[in-house]
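What follows is one chain in structure tokens, specifically the form predicted on its own.
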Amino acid sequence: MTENNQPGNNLDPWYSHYAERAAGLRASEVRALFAVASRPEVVSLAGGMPFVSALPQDLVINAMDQVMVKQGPTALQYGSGQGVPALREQILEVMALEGIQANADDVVVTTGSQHALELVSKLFLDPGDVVISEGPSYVTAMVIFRSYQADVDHVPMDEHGMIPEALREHITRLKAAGRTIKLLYTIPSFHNPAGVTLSWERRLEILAIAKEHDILVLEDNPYGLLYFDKPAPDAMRSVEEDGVIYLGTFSKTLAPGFRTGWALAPHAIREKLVLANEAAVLSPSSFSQLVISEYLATADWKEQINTFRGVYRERKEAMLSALGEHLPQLEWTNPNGGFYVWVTLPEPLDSKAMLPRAVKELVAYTPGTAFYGDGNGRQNIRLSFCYPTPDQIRLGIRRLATVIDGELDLLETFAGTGKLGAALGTTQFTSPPPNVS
């Protein structure tokens, strides 16, 4: 035993010295997949990587050249902890497409929207606090919340997003237990991982519930402009200024390599976000911000977003068509935008236990357990259609069908021979979560 009676770790002599909150830092199942999924022979339907090849290189190269010619010393220097003023003004134009009217002074540029999520968590979460989110929810958000020793309470969803009646029930139960609810985290448009979109009526109802119970809403909206047939409803921030922090990013509509996102916050919170930003990174990259600003000023960025929409629409259709052809016994969502399809497996299957066999068949997906903080999701998988080509998607679904059909055949073989876990050498799992299809 080591100091403080904590067990030692032969691989890490400093194991007993970490702060308690470090226990919440765990590798996500999505990140753990990258090493395997990046092998060229594996069709990866796992990671949510944008198809940046659809962005003409000359647009970015021209923006970079112009920045270095016109503002080179500024681009390579430290900058403001709040972000470049010109870019913050342009971000208002981007958000206006989703109904948001705001002041550039309330925009804080961050190193990707995930950094904004981390800063908000640092400002608001104490050990033992509760964050309410959809079930399932964005995997890295849960990693961040847990790193600040907060608990995540998942509210069920259906095809129209988070269910307001269930939200009320969860709030009542948590308050009766004496819990402190600090944030309501939501991805309302083209949800990651479920692919569904929160209806306008529910957006208004959930905002009313949050206001009634004095809960700050954290609206994460990376995919909102990447719709297929029709736009998503306006952002929740468009009708509620004081009770919503809105997170946006250029990672999906431009390129993630710039690592540039933003938070739009109520004024008092904005002040603390700037201080937290300065404490964390001093200032977001001046170079990245100025390149994006030049791109927005000189390129037809709205048409480029429309190009991305076409690319992702074609890939989604290829995925749904392949699922219908090869796995018609499954259920899945039909997103109207974004990157993801949420698949429900037949009840006996375990998506996490099945993953090694899928990789052996040279296809990767993300098991549903990655998107829950409570062990649920074993009956679900997230399939990403954003990065592979349509032909690769069809090949990946054929390989996935081989895995699932093989699992079902195996289950049929062992039917009536005792518990499945004993027969297959795996542990039993609990009841599946509600189906969001």
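Treat the numbers as computed from the prediction; the structure is a model and nothing was measured. Residue numbers here begin at 1 and follow the sequence given.
A second form of this protein, the form predicted together with a further copy of the same chain, is not displayed here; the remarks below concern that form.
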Which of these residues, Ser238, Thr333, Gln114, Ser293, gets a heavy atom within 4.5 Å of a further copy of the same chain in the predicted bound form? Gln114
Let me know the one among Ile269, Leu320, Ile100, Val359 whose heavy atoms come within 4.5 Å of a further copy of the same chain in the predicted bound form, would you? Ile269
Determine which one of 59 to 67, 389 to 397, 404 to 412, 365 to 373 lies within 4.5 Å of a further copy of the same chain in the predicted bound form, judging by heavy atom distances; exactly one does. 59 to 67
Indicate whether Thr253 is a 4.5 Å heavy atom neighbour of a further copy of the same chain in the predicted bound form. no
Wondering, does Val281 line up within 4.5 Å of a further copy of the same chain in the predicted bound form on heavy atoms? yes
Answer with yes or no whether Leu55 is in contact with a further copy of the same chain in the predicted bound form, where contact means some heavy atom within 4.5 Å. yes
Does any part of Leu167 reach within 4.5 Å of a further copy of the same chain in the predicted bound form? Heavy atoms only, please. no
Partner contacts in the predicted bound form for 60 to 89 (non-hydrogen atom within 4.5 angstroms of a further copy of the same chain): Val60, Ile61, Met64, Asp65, Met68, Gly72, Pro73, Ala75, Leu76, Gln77, Tyr78
